[in-house]
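Next up: a single chain in structure tokens, the form predicted on its own.
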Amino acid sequence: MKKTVAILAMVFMAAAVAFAAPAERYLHVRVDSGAKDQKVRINIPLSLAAQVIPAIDSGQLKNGKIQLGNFQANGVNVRKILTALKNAPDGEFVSVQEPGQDVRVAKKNGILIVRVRQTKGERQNVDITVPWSVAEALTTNTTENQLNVEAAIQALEQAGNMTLVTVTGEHQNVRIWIDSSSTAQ
């Protein structure tokens, strides 16, 4: 009898693990505007975003893809460049320093990193981190002036907890990140 109960308990535990839903992933956006004391908090389950984005057919967003205004790649194969960057060793690829601004683009541990430091005018810092899977998804089944938002959201569901964008300025701070929490912390 004890053996049967033990076997049934193991079967139920295995079934619970097999059928347990993975933790829901959330896209968070936090905007704090110090000058006007305004705050915006957005916490959207990625599963909801994945269903809503393809349902929007308005303005620049159609069929889960966003049109990038007048951007033209002009014969540049963005997909091939992303593949080449993905296969390249880690390192800093672009560094532009000029009075009042410092821009760096690098790859580290499978993540594209863009860092901008603006020290003149309205001073602000921008940090962007994008997993390669998301960067590649953005160009999936697109024309040269589109980004595939739907595919990027699906790729984000597989990414770990991470901050995607931070903007720190004199008058406004923005943070965009993904994790398994349903609230912005």
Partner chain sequence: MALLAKIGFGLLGTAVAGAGILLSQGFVHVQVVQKQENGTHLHLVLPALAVPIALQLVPRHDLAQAAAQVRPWLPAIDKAASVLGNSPDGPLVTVTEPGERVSVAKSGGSLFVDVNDPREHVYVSVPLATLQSAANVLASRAEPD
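Positions refer to the first chain, counted from 1. Quick caveat: nothing in here was measured; it's all calculated off a predicted structure.
There is another form of this protein, the form predicted together with the partner chain, and it is not shown here; the text below is about that form.
Of the residues Q60, N125, Q158, S47, just one reaches the partner chain in the predicted bound form with a heavy atom at 4.5 Å or closer; this is S47. Proximity of E170 to the partner chain in the predicted bound form falls outside the 4.5 Å heavy atom cutoff.
Not displayed here, the partner chain is kept clear of K120 by more than 4.5 Å at the level of heavy atoms in the predicted bound form. Under a 4.5 angstroms non-hydrogen atom cutoff, the partner chain in the predicted bound form has V40 among its neighbouring residues. Although the partner is absent here, I56 sits close enough that one of its heavy atoms falls within 4.5 Å of the partner chain in the predicted bound form. In summary, the region of this chain contacting the partner chain in the predicted bound form, judged by heavy atoms within 4.5 Å and restricted to 112-120, 130-138, 147-155, 23-31, corresponds to 23-31.
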